[in-house]
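Single chain ahead, written as structure tokens, the form predicted on its own.
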């Protein structure tokens, strides 16, 4: 028999304790930010109906995800994202929910696709959604929570930016350029590939959708718009899309993160269900894929069979932000120290060590109790590499006196503790 590989399946990940330090830093920041902004936690099954995913993303979704039939012949899939599931859950109880609702989830998602830097075949993703309101304050709240999460992780403001645009604005500009509304979805999908394929290939896609050379030239000219004022000059100050964007930037200023926002008409988002403001966050140097992205999707609930309901949401994956954090903060995982390590010299001191550990745990302290007697050098070496803040090592003299030394592993300060 051949040896079994010890590697995780291609595109999947294992998380050793040192990896979990980084992952917990991200997850803790996500949860803290979402709840700080009043979002309620939800979850769902990781297996979803393939029909639901196809209705939301088209038949081609089957080529991009882990799809299968169960033993009863049902066509199912591992969820590639959380938004279709959220739409299904909301539609199921739509008449009983107290709209607007603010929900968040940390979901593991799976996509069977070509891997590149920042893209695996599985990832964890924070989803935050507000359903039931058309107010731009919804976009501002979601972006505010995302900014709070990034700051909580330790990401400096100058290290990243949120690029903001509007599907509605680009639609207005395309219409003003003489491009029929029926062709807008194809234009959005083609332009979203900019940077991934050449402009010549994008032009070929637009020709395939029936755009003539004049319309293609006008489309690329629009992508040269560099500011919201320039866009307003083309769309007119009476444009609803311009008004929404100005409202968002003004609200972001009130919330204290306007300096992180920047208008970028090239942000389109490839999924067809987006209807209004869209956004993507990138590191300042643009070395990595998008850190997070999202936007307004006012028609998705109706698409899955629910009642038409306005909504806005975002997805924030753990892979890219983990890479950006390591780039900005360094490879060494930051240790958040707390609690105690307790060790002992011989088995004679073991009962005292157990009693001290039990007492500290009853006081709600975290305690890592050594499982065997150790020499001081070995114990303090392991304690120094742990996440504990304090170390207590018991020898015969400590037990005899009923007092032990407590070493602060950061400051090296020594204090006393009663046994």
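Residue numbers count along the first chain shown, from 1. If you're wondering where the values come from, they're calculated on a predicted model, not measured in any experiment. Whichever C-alpha set is largest while still superposing within 1.5 Å between the two forms counts as the rigid core.
Unshown form predicted in complex with another copy of the chain; subsequent notes refer to it.
- Here is the short version: of 188, 110, 282, 273, the single residue with a heavy atom within 4.5 Å of another copy of the chain in the predicted complex is 110.
- Only one of 196, 74, 286, 337 comes within 4.5 Å of another copy of the chain in the predicted complex through a heavy atom, and that residue is 74.
- Taking the partner from elsewhere, residue 414 is found to have every heavy atom lying beyond 4.5 Å of another copy of the chain in the predicted complex.
- Residue contact with another copy of the chain in the predicted complex: residue 130 places a heavy atom within 4.5 Å of it.
- In the predicted complex, at least one heavy atom of residue 37 sits within 4.5 Å of another copy of the chain.
- Proximity of residue 12 to another copy of the chain in the predicted complex: non-hydrogen atoms within 4.5 Å are present.
- You can rule out all but one of 305-313, 210-218, 260-268, 175-183: in the predicted complex, only 305-313 has residues with a heavy atom within 4.5 Å of another copy of the chain.
- Along 139-174, a non-hydrogen atom within 4.5 Å of another copy of the chain in the predicted complex is carried by 141, 148, in order along the sequence.
- With the core held fixed, residue 71 shows a CA shift of 2 Å or greater between the shown form and the other one.
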